[in-house]
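Coming up, as structure tokens: structure 1 and structure 2, two forms of one and the same protein chain.
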Structure 1
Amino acid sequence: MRAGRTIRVGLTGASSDLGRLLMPKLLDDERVEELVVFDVSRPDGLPAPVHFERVDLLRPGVDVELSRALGATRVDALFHLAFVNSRVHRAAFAHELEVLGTLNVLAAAGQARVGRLIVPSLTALYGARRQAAAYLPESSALHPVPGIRFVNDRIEVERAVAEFAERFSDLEVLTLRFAPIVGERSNNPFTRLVRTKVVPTVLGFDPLWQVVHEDDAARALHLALHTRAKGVFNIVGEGVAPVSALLQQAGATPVPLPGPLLRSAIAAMEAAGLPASPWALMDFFRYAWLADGTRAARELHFLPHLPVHEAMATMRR
């Protein structure tokens, strides 16, 4: 975006964790002339100055409808945050919203020639592997996890966004890969696991983890609006710590278990309706999966305010 001028900003997923965290920053930003929210219904508590456009990302032909709305509202930049982090009982719906919804957003953004598109992602997409590099740059390969929808769908989304960025190279496309986001207001698989207070882990393993506080995550998104950079960026908190230390900092108790007992504990938690990390994700509790945040610091000028142990401590509240 050119410096010194006001811009119109569009937003899908205003009711998502990131949407709720980002919106106050956009409303306080004097460089944002107007904020337009695209959603299937008007989000609760949407401030009066925000312009609302009713759009169902899963309706046939919505790409044309959304393209017209983007053109009519003269949106310069679009945050696509309509992703599912809360617990869902309809995995098919979540897949359609994230993958098909994103494809519709990309088609509309291309038709309307939106100048800047910003999409969130996850450092978990790198996977946890025994022989991974100490710190993974953005060029590292992404690794699906069999049976884990929220990882595999996001990889599919990233591939679609990358193809879009290559096809529309004149547009500014940014993908922000976030470490697990933590904080009082965050509701995602990791924060739900922490809030169970008792977390089964893998006996004999205690890998280093990264997290990022929700306020830092929102700030990174906001920085992406005004930077002249584009591409993929890892967004991580300051420092690393063993996963056991992070859990304890948040007031949870890690319970290391051998394989057979760990499987039984996970099954029991799932049967009781408690958040549990599926067996397919146990490699994340065996091996480090640390992302390199150098590029975000250099090009987005993103430096986290909270180190990882302080970020986790906010979960106690």
Structure 2
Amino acid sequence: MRAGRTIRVGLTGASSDLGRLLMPKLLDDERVEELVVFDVSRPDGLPAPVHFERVDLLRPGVDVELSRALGATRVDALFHLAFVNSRVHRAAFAHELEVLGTLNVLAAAGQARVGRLIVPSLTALYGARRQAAAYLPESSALHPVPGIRFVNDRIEVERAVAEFAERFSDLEVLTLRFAPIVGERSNNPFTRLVRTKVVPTVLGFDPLWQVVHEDDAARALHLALHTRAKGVFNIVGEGVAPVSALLQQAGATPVPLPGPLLRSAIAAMEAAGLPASPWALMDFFRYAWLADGTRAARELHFLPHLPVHEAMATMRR
């Protein structure tokens, strides 16, 4: 945006995976005049040139506080990356941070008239469905997965962001829906699954998956800062692969189990009170869920560097 002008960039969730990957890129970017991090405490190892503002996204009335801070630091563009990807023992906390935190950020951004808001999301929100087209465009409906907070909270977030974009149509709002992000430094449900080494899958099904490498993901976020485009973009890596091949490329072993057996095993674990992945999640191992990344390529000029098998190979170490 506005070539030749420097911009001031705000960032929430600096210590999240994406935040840590994105920050070096922003610091290297000479068009970024200043980087302001909003967080509940100063992240470890925050580089010196970064301006830190203490903000607790969960505190009542934080939206006023945040909008004042945004105004004071004259932020032109705000990355809202405060989402919980790591394993959480208190789902309620994650839910509040993601949904209520986002609502607070949106309220503040609207009040402070931040020129550009960039929010990450997931292609998993499309759901894995029998009836879906092979490649889902950004306009596809989002489908909650019963029992999966990780997906359902983000759908609520997306809804709020879409409403915000509609209401403040003069502001530039970009939502980037990422395919599962993989890489050595990433820690999200998918990478944890891969790292368990033995992954039960559904026998007789081997759907196509996409992934995106963490470096590519960070690059896409960075591109979103300077583009003229706005709206929703699918950010996917190059190529697709059957999930069994994906897992093996990353050094994990898929163990295909007969569907009925798997289903009863899950039911039994649930009945016994053991932690179990809900059966609904197994749809991701039965039906393809591929997003169409052509819009990002066309308007965001995002071209992934790593093909899917190389991205997965980075997980081996």
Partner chain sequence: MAAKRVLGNDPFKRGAAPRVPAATKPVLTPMDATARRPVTPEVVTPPTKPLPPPPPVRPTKRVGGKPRGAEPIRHEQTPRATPLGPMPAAHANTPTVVADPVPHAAVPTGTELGRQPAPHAGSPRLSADPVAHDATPEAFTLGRAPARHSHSPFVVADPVAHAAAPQATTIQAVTPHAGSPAVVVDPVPHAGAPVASELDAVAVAHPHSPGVQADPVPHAAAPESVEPEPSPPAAGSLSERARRVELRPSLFSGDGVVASVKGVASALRTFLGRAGKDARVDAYGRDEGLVERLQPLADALYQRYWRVRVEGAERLPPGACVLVANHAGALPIDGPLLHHALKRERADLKPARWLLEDQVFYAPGVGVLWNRLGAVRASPENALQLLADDTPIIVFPEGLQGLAKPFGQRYHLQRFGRGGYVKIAARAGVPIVPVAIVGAEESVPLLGKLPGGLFGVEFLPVTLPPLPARWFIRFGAPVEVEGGAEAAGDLALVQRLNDQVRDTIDGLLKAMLAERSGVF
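Just so we're clear, the structure is a prediction, and the values are computed from it rather than from any experiment. For numbering, take structure 1's sequence and count from 1. In this text, the rigid core denotes the largest set of C-alpha atoms whose superposition between the two forms falls within 1.5 Å.
Asks: Any idea which of the pair is the form predicted on its own?
Replies: Looking at both, the form predicted on its own is number 1.
Asks: Taking the rigid core as reference, does residue 270 move its C-alpha 2 Å or further between structure 1 and structure 2?
Replies: Where the cores coincide, residue 270 still shows a C-alpha shift between structure 1 and structure 2 that is 2 Å or more.
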